[in-house]
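Here you'll find one protein chain in two forms, each presented separately as structure tokens under the names structure 1 and structure 2.
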Structure 1
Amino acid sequence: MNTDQKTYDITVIGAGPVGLFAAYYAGFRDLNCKIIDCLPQIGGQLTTLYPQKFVYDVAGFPKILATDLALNLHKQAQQYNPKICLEEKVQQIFYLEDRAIKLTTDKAEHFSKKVILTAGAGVFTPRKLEPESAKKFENRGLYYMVKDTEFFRGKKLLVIGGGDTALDWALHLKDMAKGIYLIHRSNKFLAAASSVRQLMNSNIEVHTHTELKEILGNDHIQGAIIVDKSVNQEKTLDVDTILCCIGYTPNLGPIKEWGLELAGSTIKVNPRMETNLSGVYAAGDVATYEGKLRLICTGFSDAAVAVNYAAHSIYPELRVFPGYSTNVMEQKEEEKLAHKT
């Protein structure tokens, strides 16, 4: 197991929009920060569930694509160079004699003075395909998540699913792929009506009431057998890549065993975003308190509150109120110029 010996001021668990904003705010308060996430890319639900959907309730943006919002939040946080550890599942928490916190993941050990949980709905585990032939092709032609859209350029692609994620990716990749099929087990799509209209008016070949029976091939995918359940008729598709988007199962995973005070699948916090565990805060969808609204905009507020109280707890000379960003940044720029001269 790898060990990062450095003790960070704040470790954020979750690289979704709230986690990225928490990392930015930590840097704004001159705290060093690390982000840990189990997914292979930043953005959380923005990039996993509805990457090509518009978000309308973020201040300053009449509308913005979910992927663009994630990229902007990442760029904002990168001003302060937080360390980002992806594809790591947090497992246990330990308290050390110097009051530092040790976190273990499935890959490494991490040390921090404070921890902020921004895990959203929890760890997203993709629902897997049932056919036995699917297992041997995982990450070898069969994928449950898009890491790089360029990978699908020129592919003969089968998309499986009928929700926003499936339709978003099918529509986004239709001009990249050599050809796209989409199958869905029902004739009712669980996606935005506008996406369904675009799908039906596109060059994507759509099969409803249809499920995957078998993936063909040896070292690589050479086709797929699908079954139209409405007439019990099989068909072989000429595909070399499959993207399965049939949903995710969210849960808090090992974090549930930490001893946190829970309310269902959320974590109870006080007005300072503190949990019942010393040094552990929560923000965003994973946190709950009286009057809580599970929105991205309120998650940003939660993150700012958590970071500011954590900053004061770590360094009591730092006020909880950070000052207005316009004034703070002007002062920092003046200090930089004075240091240069």
Structure 2
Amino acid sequence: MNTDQKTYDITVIGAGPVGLFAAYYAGFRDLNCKIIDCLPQIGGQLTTLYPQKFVYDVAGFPKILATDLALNLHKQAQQYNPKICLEEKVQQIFYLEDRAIKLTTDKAEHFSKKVILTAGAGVFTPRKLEPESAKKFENRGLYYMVKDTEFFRGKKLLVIGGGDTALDWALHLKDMAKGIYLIHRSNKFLAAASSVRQLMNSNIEVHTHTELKEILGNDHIQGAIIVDKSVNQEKTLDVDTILCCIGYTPNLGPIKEWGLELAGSTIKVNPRMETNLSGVYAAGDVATYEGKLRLICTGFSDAAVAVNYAAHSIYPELRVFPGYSTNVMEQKEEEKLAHKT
């Protein structure tokens, strides 16, 4: 198991918009920060569920593409170099004697003084395929997520699904793969109309009304049998790799077992964004309080509140009120200059 021995001031769980803003804010308050997410990319719902949609209600942006909002938030946080750990699912929490907190993930252990939960709706777990043969090939030719697009270069690929994720990946991988098919069990696509148009005009062989029946092969995939349900006709495709994107189900998962006070699958917080667990704050979609609205803008506000109180709690000499960034940053610049001369 990997262990990063450094004890960070704050560990943020979830790199959605709210987690990214919390990481920025921690830096602004001179705290060092680590951010952990189980997905292979940052952005949470913005990049997982609606990367190509425009968001219109983020203050200061008349209109911004969800992907760009995620990138901007990343850039803003990056000014303070937070440590970002991706593809790590946070599992357990332990309180150590020196009042530090240890978090365990499926890969490593992490230490920090405070934890901010910005886990949104939880871990997006991909929905799995039903055929028995699917289990055998999971992660051995059959994948539910893309970690590295290069991996698919030269592969004979079958993409399954009719939503934005399936279409976005199929369109992205179509020129890298040696051959590419897409099957969808309906003839109506959930994906954006523009992507469907692009798909239909591409080199991707598309089969609608079609489901996967069986995966062929022993220790690696040697083909896939598909069935066209409208005419009940089977066909064998010559593929060696399958990418299945038939949706996600969100689940708070192991965090539910921490002893947090929950309301459904959200976490109750007080006006300082503190949960009932010492040193653990929550913000964004996962946090709930009287009158809570689950929006990006309220999530940003939650994050600022959580970090400011956490800052004061770690370093009592730091005031809760951060001052105005306009002044604070100016002072910091001056201090830097004075330091140099």
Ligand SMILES: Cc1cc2nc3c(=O)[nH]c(=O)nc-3n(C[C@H](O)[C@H](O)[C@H](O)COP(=O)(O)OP(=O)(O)OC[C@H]3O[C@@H](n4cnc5c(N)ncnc54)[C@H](O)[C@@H]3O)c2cc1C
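It should be emphasised that the depicted structure is a prediction, and the values quoted were computed from it without experimental measurement. Here, residue number means position along structure 1's sequence, counting from 1. C-alpha atoms forming the largest set that superposes within 1.5 Å between two forms make up the rigid core.
Chemist: Of structures 1 and 2, which one represents the form predicted on its own?
Modeler: Structure 1, which is the form predicted on its own, differs in this respect from structure 2.
Chemist: Does the distance between the two CA positions of Asn72 reach 2 Å or more between structures 1 and 2, the core being superposed?
Modeler: Comparing the forms between structures 1 and 2, which are aligned on their rigid core, Asn72 does not shift its C-alpha by 2 Å or more.
Chemist: Can a Cα shift of no less than 2 Å be assigned to Gly259 between structures 1 and 2, given superposition on the rigid core?
Modeler: No, shifts by less than 2 Å.
Chemist: Would the C-alpha of Lys107 be classed as shifted by 2 Å or more between structures 1 and 2 after rigid-core alignment?
Modeler: Not so; Lys107 is displaced by less than 2 Å.
Chemist: What is the magnitude, in angstrom, of the C-alpha shift at Asp219 between structures 1 and 2 when the rigid core serves as the superposition reference?
Modeler: Spelling it out: core superposed, C-alpha of Asp219 shifted, distance 9.5 Å.
Chemist: Having superposed the rigid core, state how many Å the Cα of Pro131 shifts between structures 1 and 2.
Modeler: Pro131 is displaced by 3.8 Å at its C-alpha.
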